[in-house]
Every structure is written in C-alpha cells, then in structure tokens.
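Only one chain is included here, represented as structure tokens and corresponding to the form predicted alone.
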C-alpha cells in the first residue's frame, strides 16, 4: 500500500515536471518562429493602440470640420481626412479599440459557452451529448456571417428599447449609449454564431482524454464529474483551444468589420474599420487612400493573428517536436 502511494506521488511529480517542460519547450519553439513573432508584435501594437488610443491620437476622432473634407495625406493629417472632415489616422487608431474589444468579448463568450457545453457533452455522453451536438449542428447549418447578421439586425431594436428603459429606471445614461448597444449586440451575435465550433473542438479533445488513467484514478477517489472536468479534462485540452482562440481573434475582427460594412454593426460616432471602408466607397476613385488604409490595416491584423495562431499550433503540437 505504501509502495503504491509512493509510486502515485512520484508519477504525479513527474507529470508536473513534464508539463512544465512542455510549456517551456513550446515557448522556445514559438520564439524561434519568425512569423509567429511578427504576429505577436502586431498584436502587442494593437493592444497598446487600443488601450492608450485617446492619448496617442493627434486629434479627437469624433471632431468634424467641413472645411477640410476628404483631404489627401499631409503634415497636419498624416492619413488625410474622411468625407466629413475627421482626422483619418485618429479614426484608424480608435478603430483598433473597437476591433479588439469586440474580438475579446466575442472570443471569451463563444469559447466559454463552447467549452462548458462541449465538455459536458463529451464527459456525460448519452442524451446530453446528443442534445448539445444536435443544437450545435442546427447553428452550424447557417453560414456564420449570415447568422450573425440576422441576429444583429433582429435584436438591435429590442435591445435598444430594453436598455433605454433600464437607463430611465436606474438613471445610468451610459446604458442607453448607442455605442454600448452596438457593441453588445455585435459581440452577442458573433458569439451565438461561433460557439458550436468551440464545442465540437473541446468535445473531440475530451473524448480522447477521458479514457486516460488519471481520470480513472480521480473517479476511484470519489472526485465529482464536474471536478474531473474542471481540474483534469479541460486544462489538458486547452492547447488546441489556445490556438483556436488566437486565430478566432482575427476572425472576430473581420466579422465585426463585415457587419459594420453592411451597416448593421458598430456605427458612428464609434470608429470601425468596416464602416470607414463603406463610407469611402462612393468616392474611392478620387480618394483611394480612404479605402486602402483601413483595408490594409484590417488585412495585416487578421494575417498577424493567423500567423500567431499557426505558431502556437506548431509550438503546442507534440507531433511537431524534434523537427
């Protein structure tokens, strides 16, 4: 009995050492990947711009001046001005805040829902698994962008009414702010469209992990199903989820810009790269930079997050070790 206890403690200690070495090895592999470092650098710049945007922008991004509409780049306005005389560089920088905020909220909520439902489906099986997967298939039957657009267009007016009543009741005027409502509806719609993919991924990971010996040992000592799921299965399935979350950041930014481009996403006075492209389309032949600049910024950011996700996949994938 004592020998078994010592063996179990030794195995757990070796497992922890191996886990730490795997994460250190993953970090070394990530640092050696130049494209992943490029993606990480762009992500850091985006975060800094989004957080400190108001202190970094040369002008107020909402201030209009009809005497300088659609100006080309100059020393006063490095990227020119938009059709209503707003500084374009300032709006590009504040658009980073919109893109990052929507990406963070969408990724967090969609993956939280997916991890919980997918984890329960895989671990409990039976009718729980069938119900969750059939529900996920119903959502996945619709193209993600079209589903998000439908939810967004359908829920914006009711949400505005609810928050307007809440603002009158509580006296909190910021609750009825159009930017807050736009953000809430957009990340809610995108989360509804994205959670099934996270659920399917985590389900597949847990189905392969639940037969491991440490799960059997946890069951033998009386650990509850939720405890096994929270302490053992989900943490060990986080590697692929980290990759998906990183790549999902770029996808969420692209989806938000697409909704704003269609006129059902984040609208002025908030800055959105997609809305900026839409506003400049009518005069793009005369002022092509108003379309090219936000389009290029969006493309670079999405590409950077995809490269970072690929780098994390290579770093965390055990099959790629030793290459």
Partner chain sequence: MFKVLIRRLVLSIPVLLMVITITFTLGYFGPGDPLLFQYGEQPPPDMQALERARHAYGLDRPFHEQFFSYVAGLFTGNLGRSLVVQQKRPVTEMMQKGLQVSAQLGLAALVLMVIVGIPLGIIAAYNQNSWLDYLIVSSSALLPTIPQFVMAPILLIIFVLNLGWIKTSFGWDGTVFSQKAILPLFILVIGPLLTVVRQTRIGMVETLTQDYIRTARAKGLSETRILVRHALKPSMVAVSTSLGFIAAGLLTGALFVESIFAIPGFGSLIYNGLRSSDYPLILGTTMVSVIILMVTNFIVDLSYAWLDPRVRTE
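Nothing here was measured: the structure is a model prediction, and the numbers come from that model. Numbering follows the first chain given and starts at 1.
The same protein also has a form predicted together with its partner chain, omitted here; what follows describes it.
Just one of 26, 46, 40, 264 comes within 4.5 Å of its partner chain in the model of the complex, counting any heavy atom, and that one is 264. A heavy atom within 4.5 Å of its partner chain in the model of the complex is found for exactly one of 126, 227, 235, 158: 158.
At a distance threshold of 4.5 angstroms between non-hydrogen atoms, residue 154 is in contact with its partner chain in the model of the complex. Using a 4.5 angstroms threshold between heavy atoms, residue 288 counts as touching its partner chain in the model of the complex.
Among heavy atoms of residue 296, some come within 4.5 Å of its partner chain in the model of the complex. The shortest heavy atom separation between residue 292 and its partner chain in the model of the complex is within 4.5 Å. Checking 133-141, 92-100, 108-116, 204-212 against its partner chain in the model of the complex, the stretch whose residues place heavy atoms within 4.5 Å of it is 133-141. The three marked residues, 150, 257 and 306, each reach its partner chain in the model of the complex, with a heavy atom inside 4.5 Å.
Taking a 4.5 Å heavy atom cutoff to its partner chain in the model of the complex, none of the residues in 31-65 make contact.
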